[in-house]
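First, one chain by itself: the form predicted on its own, in structure tokens.
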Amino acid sequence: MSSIPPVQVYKKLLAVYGPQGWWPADSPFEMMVGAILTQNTSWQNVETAIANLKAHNMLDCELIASSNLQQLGEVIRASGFYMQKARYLQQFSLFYYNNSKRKGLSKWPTSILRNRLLAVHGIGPETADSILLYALDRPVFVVDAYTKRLFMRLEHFDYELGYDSIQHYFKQRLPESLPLFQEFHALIVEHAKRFCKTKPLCSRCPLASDCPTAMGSGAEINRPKHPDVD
């Protein structure tokens, strides 16, 4: 069977889950902090760490950049790898402040901005693209572990394909649209958390009839209109 086109995956997920309204943050800088803290941890832990930053009145680039590293680490301890992430946050906050914050970053072309983000210690492609997409309103397609897992199971590509190649794959097959890229990423995350887990729940998955992995699992397909969170 041929793979369901990415735009059809988007339409199906949107019909099932509705608009997600991502990224959950009260400001662009909070979104950027969240993108760094969410590396290798759950969003629940990130929420706790951000709440602690707010409680200590530290959710500010100048305060983070000038804070005591050990104290910053203790504040964000809930995010895991907290001393490493404290260093990442300080390096990014210095970069953000020294380049006139969001107003300054917004003046750069996307390609230059992405390269400068990647040059900041602790900022990899996924984090840089999340910041570009959600905090700086640039239409870039974010490739995370959920995206890779879902579309590998849909047989769009092999798991060995690298980040840039996967991003190029979607760029060729989707219209360049900021709202679409933002919503699609959020929908993929929601779907992966509910059904396309490490051990997939194929029998109830709303994409099961289009998924070779589900078809090969031998599971009896029974798709609910409103899937429950597992």
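Don't overthink the numbering: it's just position in the shown sequence, from 1. Here the structure is a predicted model, which means the values were calculated and not measured.
We do not show the form predicted in complex with the DNA, though everything after this point is about it.
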Since only the chain is shown here, I'm wondering whether A145 would be in contact with the DNA in the predicted complex (any heavy atom pair within 4.5 Å).
yes
With the cut-off set at 4.5 Å between non-hydrogen atoms, does Q182 touch the DNA in the predicted complex?
no
Is P139 close enough to touch the DNA in the predicted complex, meaning at least one heavy atom pair within 4.5 Å?
no
I'd like to know whether N52 contacts the DNA in the predicted complex, with contact meaning heavy atoms within 4.5 angstroms.
no
Among N57, S177, N40, S165, just one has a heavy atom within 4.5 Å of the DNA in the predicted complex, namely N40
Only one of R116, R102, R77, H156 gets a heavy atom within 4.5 Å of the DNA in the predicted complex. Which one?
R77
Let me know which residues along 91-120 have a heavy atom within 4.5 Å of the DNA in the predicted complex, or say none if there are none.
V120
